[in-house]
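In the block that follows, a single chain appears as structure tokens, in the form predicted on its own.
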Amino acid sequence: MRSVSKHRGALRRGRACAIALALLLGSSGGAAAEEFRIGGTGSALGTMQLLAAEFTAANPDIRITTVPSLGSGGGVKAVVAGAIGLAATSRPISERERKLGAVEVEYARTPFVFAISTKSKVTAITSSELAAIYAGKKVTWPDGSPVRIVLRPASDIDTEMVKRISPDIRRALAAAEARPGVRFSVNDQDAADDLERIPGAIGPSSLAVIASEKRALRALKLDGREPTPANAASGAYPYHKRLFLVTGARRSAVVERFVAFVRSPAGRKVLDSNGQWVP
């Protein structure tokens, strides 16, 4: 298995800035007013594409383009710079970002999950088993096939959420990050690709990614709790990601219309159908 340095988080941030700059330089002052780009966290991109398709079907004079994953931070930088019209993030904006003119609205939440290929027969896992997997103590699945972990960069929100599950998992994750040969996936789509492609792979994802992108992945029960939106909303399943729409201080009327659509009954129907709920 190809080993990727844990410093890929820094590379991802650099790549996001480069994409944002390219978008800004590539946009002309004479661009049509009824067109904008959406970028940001990979957790939201599949859903944004579905929402954009519904919105533009009713508004054919408007064109919406989703750009490859910039990450939450990259998305905020791009929207503040005017490179994109709307950013989607999986975290609230920081005070520094707010001072730059970023404005947020939470539009949905989605269960944070551990996922495995649908080719596997594994349907559930416990926190103690996860700790053992990260620590390198549990190396095979019940059928004898090898366990392969897929990690995210240390700076990623998914990594932080894994650490919050338990002190044992936090310690085991630190050991896994230092172990040679462990796979680091740069963003949500890379991680989903790796989880589908690598036999026996397990790693963090979200129900929104799995559902909206129709991934061949199974969200595992964790400690006997089913990771459904209803269970996450009620607290029965305690792990979820918050999703936000972020605009700059200046935002076009068409962006405002799209944000209003996301929060409308029609937009909510798309969210409800793709592993999310509206808080």
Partner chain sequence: MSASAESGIVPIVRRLALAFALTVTVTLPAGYFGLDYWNHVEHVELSARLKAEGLTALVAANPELWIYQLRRLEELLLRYPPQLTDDRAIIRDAAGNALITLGASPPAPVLVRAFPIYDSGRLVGRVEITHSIRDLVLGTLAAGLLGLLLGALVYATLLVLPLRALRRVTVALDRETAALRASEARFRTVAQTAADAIVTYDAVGNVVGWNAAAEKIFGYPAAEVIGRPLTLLIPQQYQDGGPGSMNGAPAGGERRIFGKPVERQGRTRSGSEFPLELALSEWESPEGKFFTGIIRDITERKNHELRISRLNRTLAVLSGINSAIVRISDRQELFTAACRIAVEHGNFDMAWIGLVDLAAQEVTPAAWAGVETGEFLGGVKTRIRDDVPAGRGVLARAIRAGKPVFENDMTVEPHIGGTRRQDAIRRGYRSHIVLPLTVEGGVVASLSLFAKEAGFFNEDEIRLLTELADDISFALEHMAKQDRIAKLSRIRAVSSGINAAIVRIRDREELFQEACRIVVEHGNFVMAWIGMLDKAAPSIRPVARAGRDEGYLDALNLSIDSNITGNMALAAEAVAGRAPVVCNDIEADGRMRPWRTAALERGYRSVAQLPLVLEQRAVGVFALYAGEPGIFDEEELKLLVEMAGDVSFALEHMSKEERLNYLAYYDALTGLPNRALFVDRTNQRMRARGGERRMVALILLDLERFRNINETLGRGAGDGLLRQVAARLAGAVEESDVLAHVGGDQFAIATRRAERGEDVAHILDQTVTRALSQSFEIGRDQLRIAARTGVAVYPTDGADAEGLLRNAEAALNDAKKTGHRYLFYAPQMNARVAEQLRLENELRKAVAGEQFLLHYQPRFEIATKRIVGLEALIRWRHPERGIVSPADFIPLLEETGMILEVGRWALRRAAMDHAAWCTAGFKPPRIAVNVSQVQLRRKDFVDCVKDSLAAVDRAAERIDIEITESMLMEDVGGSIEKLKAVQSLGLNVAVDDFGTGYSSLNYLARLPINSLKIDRSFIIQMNKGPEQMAIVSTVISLARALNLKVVAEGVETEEQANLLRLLRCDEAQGYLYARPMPPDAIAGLLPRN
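Numbering follows the first chain given and starts at 1. Computed from a predicted structure; not experimentally measured.
Below, we refer to the form predicted in complex with its partner chain, which is not included among the displayed structures.
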- Query: Which pick from 149, 93, 186, 173 sits with a heavy atom within 4.5 Å of its partner chain in the predicted bound form?
  - Reply: 186
- Report the residue, out of 222, 219, 67, 245, that has at least one non-hydrogen atom within 4.5 angstroms of its partner chain in the predicted bound form. 67
- Whether 211, 269 and 275 all lie within 4.5 angstroms of its partner chain in the predicted bound form by heavy atom: no
- Message: Given that its partner chain is not shown alongside this chain, does residue 37 nevertheless sit within 4.5 Å of it in the predicted bound form, heavy atom to heavy atom?
- Response: yes
- Taking 4.5 angstroms as the cut-off for heavy atoms, does residue 153 touch its partner chain in the predicted bound form? yes
- Query: With the partner left out of view, is residue 111 within 4.5 angstroms of its partner chain in the predicted bound form by any non-hydrogen atom?
  - Reply: no
- Hey, in the predicted bound form, does residue 73 get a heavy atom within 4.5 angstroms of its partner chain? yes
- Options 78-86, 116-124, 200-208, 133-141; stretch whose heavy atom lies within 4.5 Å of its partner chain in the predicted bound form: 78-86
